[in-house]
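Only one chain is shown below, in structure tokens, and it's the form predicted alone.
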């Protein structure tokens, strides 16, 4: 998320009432997570395991819960609870806007686009030309939809990321300020849920087709001309390169990459990143030929054990 106008390090520190390390006039341009930070951004870190990653990232301001040496060219915000303070900043720079109408006055809807009854279209939504939004679709704030897009009934675009911190009193949600971006010629089936990015974009590439009952997690990027069948769940921060095919009831770990033109057979658990141009099956995931051979050998195991026992006797 980029700020509407640059802020200073001192201004940001005063918003969350914390001390800082660096020039008070140090320019701050936005706030983002590790995987989408750019120069001028704030990134937060609250676990020693990720200190080095945060300090060496492209972010120029690190919101951290320990006093450490400040890398050259960067600044620090020292907080007793970076997770909480990141939420405070999100609320300040991207506050929730309640809607009073089914279709927000700030929404922009292109020529030839049809919106069926009982749809909700939130603030600052942009929908291109000649798209078709079927009944009972909910499109939350800041979503961007291209031309010739079809969205079937019951789908929700732009729900908050499933991102929580466990505390003694319960789970604390990291607030989402990102977007969903749907490119041209995408079809999305009924009752799909596509979460907005935490600070960046969840993106569905041009020409991709999604079946019914599909979940796409926050900040995931789906490439061009991908095909995803029903009841599949794509976790957050994944990358599906162009022309990936995913068959029914597939699930993925977060943060994995599926290479271009890979085929994932039904009921596979994508537990790690996989190369493109191959077909995969099983949990943990393997190339389908190797996995199917393994299953064929397992079916022979009872007969092998029986023969061994007979030979022993």
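Treat the numbers as computed from the prediction; the structure is a model and nothing was measured. Positions refer to the first chain, counted from 1.
The discussion below concerns the form predicted together with another copy of the chain, not included here.
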Among 100 to 108, 86 to 94, 69 to 77, 197 to 205, the stretch whose residues bring a heavy atom within 4.5 Å of another copy of the chain in the predicted complex is 100 to 108
Flag this candidate site as yes only if 156, 168 and 233 all have a heavy atom within 4.5 Å of another copy of the chain in the predicted complex; otherwise mark no. yes
Could you tell me if residue 183 has a non-hydrogen atom within 4.5 Å of another copy of the chain in the predicted complex? no
Decide whether residue 245 counts as a contact residue for another copy of the chain in the predicted complex under a heavy atom distance cut-off of 4.5 Å. yes
Can you work out whether residue 190 and another copy of the chain are in contact in the predicted complex, taking contact to mean some heavy atom pair no more than 4.5 Å apart? yes
Might residue 32 be said to contact another copy of the chain in the predicted complex, defining contact as any heavy atom within 4.5 Å? no
In the predicted complex, the residue from 283, 56, 38, 273 with a non-hydrogen atom within 4.5 Å of another copy of the chain is 283
If you look in the predicted complex, which residues in 239 to 261 sit within 4.5 Å of another copy of the chain (heavy atoms)? 243, 245, 249, 250, 251
